[in-house]
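Next up: a single chain in structure tokens, the form predicted on its own.
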């Protein structure tokens, strides 16, 4: 078939709108001085662009989390992990609670509009929530116990009605206010098109790839295949209004090559083919100290990034002997954490001497929330073999048959420590845990199942963990608007015990009524002094019972930049106000960094 020029133009337009393959957006033909390249976010091909679904495998566009990804879809507010504040995005000014803290109100910025140039309204916010509830989306499941309804009282005003307990008190004000900085506003008109297309079927709605989605953010989908993902700037983006950023972000294109592994991503970073790296680059300091490359991190010295999450080893409290706090403490204090940090993290973590262990991450805001002196005698920095052996001996947990391994009530203490295969830094950490066992007469070996198996076993909390998962690693929450409360809840709350699919936490099955009571009370408390007492007590409980133990501090995002093409990335002490966090210029207030970038050779 011969194509005339009008047909060719039409086909090119379809390809542009739908994101199908076009040779004009191949990596080597994107204008380098207009394109910001990433790695470490996108692994595998994009599945969809659906803001209602959590199964898009679309790391550049969709991540509704504590620091929501706002390149394409937007939230009413942006959370800033560096100062703990939220700043308006789609919203116009701060939100307010009524006197009884049962309703939270905010207004929509009148300048805000969608990519089809229609205005963003309060009704869009209300209809987004109604859709989540109607189709029982993951967002609804996470919030329906705390939010009764979201209503538009006029075209610009949104009221979030909190769910109340039997006493007429808001169940959880923290989670209500977190909603506005962690969840997208989706266009009502497009949602109705989607509903009609899927015939009201919930499964089909969540599975829809949403190629025709309307968004409000500064970028829109441009191209995606199995080798790369490209977003293109919307030059009609509403945020260039004086009420928001006052200009467009600097790069026209945001591109993510899909590398086969970290090694390939590191090679591209060194070659200047990647501008922002969100992956673990071993011995990152060697890039500039040994190779002289224009590569840097947010902090110029170790730990190079802002620690926010706490990769943690959980004890299976159903394993023989691990229900004994003495055994748990001995293992935990014997582990050589400096070796984990030096080897597994290549010093990209603060040490436990620098930031003593608690339930808090290393950020200044969280560290100020508990009384350090009150729990100092319970904290440990690790590699304390002498004390570990002493407390085991004192408890009568000794090697009575001379085989080199201790017994408890006549049974040898033998355990398997595990984490997913291929997670190299975690595997290295688990090997150090096993080595600590041998130093104190507890037989700990390692096993590394594939993630597909591991995650199914660990998250099935309605049955005891099977043999082979005696000590196992999982993650914790990072920095966010409900922290540290949400992290502590997920580390200690018994509410997750017995769940058939538990992706929240407390995977070892810990239960403590005193901890549960404090966790339930904190969201209602507004007095800073009382909150500090409550958080201190929770830290005391945790460091006494030791149901799990953190192995390292890990950045919220790895943030390593190559300044061959772009410069003026955020760094500690750069003078920006509010400070821009090192979250790769895409999450929460970090997106502000896109407006500060300048070309090295304009």
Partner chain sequence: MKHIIGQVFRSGKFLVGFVMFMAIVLTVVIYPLFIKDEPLDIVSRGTFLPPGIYVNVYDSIEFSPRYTLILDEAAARRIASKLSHEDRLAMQEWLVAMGVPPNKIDIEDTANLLELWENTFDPTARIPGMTNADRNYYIRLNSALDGLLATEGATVAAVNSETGVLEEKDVIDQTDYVNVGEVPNIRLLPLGTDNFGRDVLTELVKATGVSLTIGFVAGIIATSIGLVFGLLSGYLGGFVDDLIGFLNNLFTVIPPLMLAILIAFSIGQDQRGAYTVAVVIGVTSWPWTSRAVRAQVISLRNRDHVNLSKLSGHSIAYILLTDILPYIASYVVMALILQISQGILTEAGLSILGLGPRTTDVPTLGLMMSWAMIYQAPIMGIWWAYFPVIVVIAVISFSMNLMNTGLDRVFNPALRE
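Positions refer to the first chain, counted from 1. Keep in mind the model is a prediction, meaning the values are calculated, not measured.
Below, we refer to the form predicted together with its partner chain, which is not included among the displayed structures.
Visitor: Though its partner chain is not shown, can you say which of 227, 511, 455, 262 has a heavy atom within 4.5 Å of it in the model of the complex?
Guide: For this set of options, the contacting one is 262.
Visitor: Which listed residue (400, 497, 243, 427) meets the criterion of a heavy atom within 4.5 Å of its partner chain in the model of the complex?
Guide: By the 4.5 Å criterion, the partner-contacting residue is 427.
Visitor: Using a 4.5 angstroms cut-off on non-hydrogen atoms, would residue 183 count as touching its partner chain in the model of the complex?
Guide: It does not: once its partner chain is placed as it appears in the model of the complex, residue 183 has no heavy atom within 4.5 Å of it.
Visitor: Is residue 281 a contact residue for its partner chain in the model of the complex, using a 4.5 Å heavy atom cut-off?
Guide: Yes, residue 281 lies within 4.5 Å of its partner chain in the model of the complex.
Visitor: Can you work out whether residue 297 and its partner chain are in contact in the model of the complex, taking contact to mean some heavy atom pair no more than 4.5 Å apart?
Guide: Residue 297: contacts its partner chain in the model of the complex.
Visitor: Do residue 545 and its partner chain come within 4.5 Å of each other in the model of the complex, heavy atoms counted?
Guide: No.
Visitor: Heavy atoms within 4.5 Å of its partner chain in the model of the complex: which stretch in 511-519, 458-466, 284-292, 89-97 meets that?
Guide: Selected range: 284-292.
Visitor: Residue by residue through 333-365, which ones have a non-hydrogen atom no more than 4.5 angstroms from its partner chain in the model of the complex?
Guide: If the 4.5 Å heavy-atom criterion is applied to its partner chain in the model of the complex, 333-365 yields 336, 338, 339, 342, 343, 344, 346.
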